[in-house]
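Next up: just one chain, as structure tokens, the form predicted alone.
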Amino acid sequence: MTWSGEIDRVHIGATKQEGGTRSRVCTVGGAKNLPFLEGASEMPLIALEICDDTGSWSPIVLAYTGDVTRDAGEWAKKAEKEFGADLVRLHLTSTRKRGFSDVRGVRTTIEAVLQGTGLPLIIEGSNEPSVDSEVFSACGEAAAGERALLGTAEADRYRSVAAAAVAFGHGVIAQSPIDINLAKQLNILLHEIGMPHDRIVIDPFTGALGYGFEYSYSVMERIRTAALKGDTDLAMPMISAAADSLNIKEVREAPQEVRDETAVMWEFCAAFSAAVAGAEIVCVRHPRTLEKLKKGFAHLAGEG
């Protein structure tokens, strides 16, 4: 089938020649067809998620990864050198604690991660409106010149992250609650306040496998087909992060001897399915999921 539309290309990361310090740049988008078919974009990219405060992080991941999780910079370095991630997604989980005020610490963490890895960076900031402006401004400034991807912009709180992205030359993740019309509306709002289409990545919100993922899959398919039919307000790359995959009952209560494998497979199945639905970036937390996804993508593309 021949489509009339094309997915916008979004560049993440900036090399020294481009004013940044990244060792590589990731480009997502450009697809003229459905995933893994002729005319589709490049192979989906995999971001390994890390955080600056591990209190709410999966104990399965912490146990597997070890002491390096105490230092976000070293964790990011290991994500690149040992685990083989394409990008690093830094969750500033410290900003979600009640009474957060350590904005200087946010800057220090981002700087440490940028020094630890040369991979393009996704920064997941605050989800508390009272500190959004200060936190996102700090994120944008600390990563100035690196062309990071800041998240997340939502319908009722998108101005702070968009302002930081515009001011410091970053892209944004536009997240909507599993609804194609809301996804389109948010993209329009972001564009109206100065975000060009080629700096927006859509996050249609991904539920964990068996816990709403079917709805996410359907919406992702609809977003992609609408874009390929010519809807330019939906013609942006998509990102998927089913983070709850490691916290659901089936994983938490799996027998100890198979808990690690259960976690990996649950995360793999959600991320792999999201890529088939149209996600150009999938985000995972367990390092072992990375290798399994890369093999799965290569097999589906006929390369393995």
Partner chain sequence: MALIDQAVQTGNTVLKENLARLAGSFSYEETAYQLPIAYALTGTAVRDGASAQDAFARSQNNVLIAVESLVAAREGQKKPELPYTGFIPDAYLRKLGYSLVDGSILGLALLVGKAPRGDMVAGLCRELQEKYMLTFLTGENISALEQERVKVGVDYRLVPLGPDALSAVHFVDIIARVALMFGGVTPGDAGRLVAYAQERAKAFVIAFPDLTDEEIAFIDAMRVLGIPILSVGGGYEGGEWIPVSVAEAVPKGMELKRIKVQVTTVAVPMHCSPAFEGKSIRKEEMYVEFGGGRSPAFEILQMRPTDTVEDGKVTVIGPEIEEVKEGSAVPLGVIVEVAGTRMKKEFEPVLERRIHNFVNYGEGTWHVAQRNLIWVRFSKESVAQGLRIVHLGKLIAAKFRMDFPELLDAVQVTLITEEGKVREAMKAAEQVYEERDARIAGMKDEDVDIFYSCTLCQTFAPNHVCIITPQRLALCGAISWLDGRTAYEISPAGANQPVKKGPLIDARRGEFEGVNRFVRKASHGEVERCSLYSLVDAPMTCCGCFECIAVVLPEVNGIMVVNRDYRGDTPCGMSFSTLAGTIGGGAQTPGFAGISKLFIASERFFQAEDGHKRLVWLPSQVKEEIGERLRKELQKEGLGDLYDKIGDEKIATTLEQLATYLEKVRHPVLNMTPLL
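Since the structure is predicted, the reported quantities are computational estimates derived from the model, not experimental observations. Residue numbers count along the first chain shown, from 1.
What follows is about the form predicted together with the partner chain, which we do not show.
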Quick one: of 102, 74, 198, 179, which gets a non-hydrogen atom within 4.5 angstroms of the partner chain in the predicted complex?
179
At 4.5 Å between heavy atoms, only one of the stretches 131 to 139, 110 to 118, 74 to 82, 87 to 95 reaches the partner chain in the predicted complex; which one is it?
131 to 139
So, residue 157 and the partner chain: in the predicted complex, are they within 4.5 Å at any heavy atom pair?
no
Heavy atoms within 4.5 Å of the partner chain in the predicted complex: does residue 173 have any?
no
Does any heavy atom of residue 106 come within 4.5 Å of a heavy atom of the partner chain in the predicted complex?
no
Please run the contact check for residue 202 against the partner chain in the predicted complex: heavy atoms, 4.5 angstroms, yes or no?
no
Residue by residue through 19 to 33, tell me which have a non-hydrogen atom within 4.5 angstroms of the partner chain in the predicted complex.
none
